[in-house]
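One chain comes next, on its own, written as structure tokens: the form predicted alone.
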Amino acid sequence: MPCAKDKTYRGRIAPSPTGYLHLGHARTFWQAYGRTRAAGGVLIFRNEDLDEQRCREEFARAMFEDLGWLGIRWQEGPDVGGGVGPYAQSERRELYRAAWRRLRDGGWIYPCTCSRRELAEAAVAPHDDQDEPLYPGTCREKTSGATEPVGFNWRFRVPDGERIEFDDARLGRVGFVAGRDFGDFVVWRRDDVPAYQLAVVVDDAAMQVTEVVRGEDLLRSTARQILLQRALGLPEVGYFHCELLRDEQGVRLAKRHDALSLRHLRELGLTAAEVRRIAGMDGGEVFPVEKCAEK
């Protein structure tokens, strides 16, 4: 169950408008909505639209419409306002720059000049269940007098050998070893875009989020984000990592599964209740996801 009601529970859903939302997104966001309701709390809708190359206005409109159609209701967001906005990441750049300066001034990050080719050749191959190759630390000793982050991939220097642990409301105690399970990670891209890890840490703190509900594919991201919270002096939050929805081959759903997007299922004539039942959102058995597009 979510946190006790004697403390205001603040949850969030944070889609990115880089494609139509699919059943996996829907189930995760439905769980975030349900945990917020069970705690008598506030649900925040955050538009994670930092990637200008991939974000599109049609996808932004669709995610508001489709999640509202599904039955999810939020109390704060770009469309309804609230006291801790703006609620679109593209409008929060100055907050991220301030965090970058604090990390730079504190010696937590360093500028990486490795090219994509150099990274591909030097990176340590990940274990089967890792989300990305380990950066070998090629640029760890580099420094820069840069007053702006543009031009480098700024990496966070992880404490090699330290086990980063946290309590997950679904999985229990979870831990990863820095330098083994994940390496020095990017917090700001050379094309002058804040990386996911930094942006969500800054936003969750500023929006006073008390619990993050997301897919279990982001467990290692949680360990990285805990390190950023510590470096920036921000409070840790609670976590609930959902089981992923997978296709018949066992591959987790992604936005390339367009036939399983909420938009496509709506166009086929499925009702919100049918979609929730198909994805097991109401506590029933998950229907084979490929079958839902055959109606």
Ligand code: GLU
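Residue indices: 1-based, along the sequence shown. A quick note: this is a predicted structure, and the numbers were derived from the prediction, not measured.
Beyond the structure shown, there is the form predicted together with the named molecule, which is absent from this document and is the topic of what follows.
Among the residues R214, R220, R92, R104, the one placing a heavy atom within 4.5 Å of the named molecule in the predicted bound form is R214. Checking V200, V158, A99, V209 for any heavy atom within 4.5 Å of the named molecule in the predicted bound form turns up a single hit: V200. Not displayed here, the named molecule is kept clear of G19 by more than 4.5 Å at the level of heavy atoms in the predicted bound form. At the 4.5 Å threshold, heavy atoms of A14 reach the named molecule in the predicted bound form. Using a 4.5 angstroms threshold between heavy atoms, Y110 stays clear of the named molecule in the predicted bound form. By the criterion of a heavy atom within 4.5 Å, Y196 is counted among the residues contacting the named molecule in the predicted bound form. Within 4.5 angstroms of the named molecule in the predicted bound form, the stretch 45-71 places a non-hydrogen atom from E48 alone.
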